[in-house]
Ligand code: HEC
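Presented below, as structure tokens, is a lone chain in the form predicted alone.
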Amino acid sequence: MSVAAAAQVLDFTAAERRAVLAHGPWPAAVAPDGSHRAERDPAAAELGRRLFFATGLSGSGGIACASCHQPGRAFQDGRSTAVGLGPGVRNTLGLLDAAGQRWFGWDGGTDSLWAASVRPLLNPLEMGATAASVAARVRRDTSLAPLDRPDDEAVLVAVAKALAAYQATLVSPRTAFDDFRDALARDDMAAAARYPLSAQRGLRLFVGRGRCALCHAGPRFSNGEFADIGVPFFVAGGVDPGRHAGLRALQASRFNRLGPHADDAGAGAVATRHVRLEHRHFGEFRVPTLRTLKHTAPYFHDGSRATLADVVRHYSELDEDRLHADGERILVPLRLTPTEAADLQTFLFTLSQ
């Protein structure tokens, strides 16, 4: 390694290197979903792909899954809020890297990818279908015969599982960060030196003083859980309860991992069985992945931050009085200098192609 190359790589401490390496490798291994045996079945995924782009599943016959989850936008829609994802206030979550998650949606109201596919089908503000209308659509099309079942609800679930099999194939591409992380792992400083110094400084802030990695953890850059980040949950006409409402929906659902439609009832359902509804869940929302975020603006569960600079400013100037008083406090105002804010943004943008 040349002296020039070494000069282009920050002198990360051993602790910083461990924190950086914990965000890979990518793509991450995904455990199979025991509640959905066909999740890795190519034939099921192909049926799901056709259904994902078809409008016929919706009650009106004019809306497809792809209407809101657009491939060119990392399977998001670019809007601040999307109809049906809450009381008119929630941003559309992208679908890349959805397989293998524990909870789904901003409120975690479902515990599998197939159950998360049932939810928008039945929501009158989204696709507005019913089990009967979905079953009728399947039975009219002989090419969908593998999805037919004796009763309508079972057909609905078969359709949702096909949609989930397709979504399970959607994996975000490797990024400049992944190349840097892997270069560090093999001590290839010449390759690591290709990563911009500004991004390296932002990464050091991310895993260090910023404490961002406590929640945006692992290869997905998310711990998969829920948090209050100081965004108001009061909305026109009331509040958006977030995780509190999601847990109620999860516990009441016939489509959770403990229910009759799981292929192996109870598979991977330890968390579902033991969740507890607590007051602190009010106003908590999913910790989203940071991968592909260059393509998924606007940001936060309510789409209230138009740019990444707005997001960084939010954490820099955080209103601590707005955060929950109970539980462990993680977030504090970062009080970033302009250079630090720019470095952090540079790093975050390297998590997208």
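One-based numbering along the sequence shown. A quick note: this is a predicted structure, and the numbers were derived from the prediction, not measured.
Absent from the display: the form predicted in complex with this ligand. The rest refers to it.
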- Each of 119, 215 and 293 near this ligand in the predicted complex, meaning some heavy atom within 4.5 Å? yes
Which of 258-266, 190-198, 140-148, 160-168 lies within 4.5 Å of this ligand in the predicted complex, heavy atoms considered? The stretch 160-168
Original post:
Does residue 247 reach this ligand in the predicted complex, with heavy atoms at most 4.5 Å apart?
Top reply: no
Is residue 26 close to this ligand in the predicted complex, meaning a heavy atom pair under 4.5 Å apart or at it?
-> no
How about residue 90: is it within 4.5 Å of this ligand in the predicted complex, going by heavy atoms?
yes
4.5 Å heavy atom contact, residue 155 and this ligand in the predicted complex:
no
Residue within 4.5 Å of this ligand in the predicted complex by heavy atom, from 74, 82, 135, 184, is 82
Checked 257-284 against this ligand in the predicted complex; residues with a heavy atom within 4.5 Å, sequence order, are none
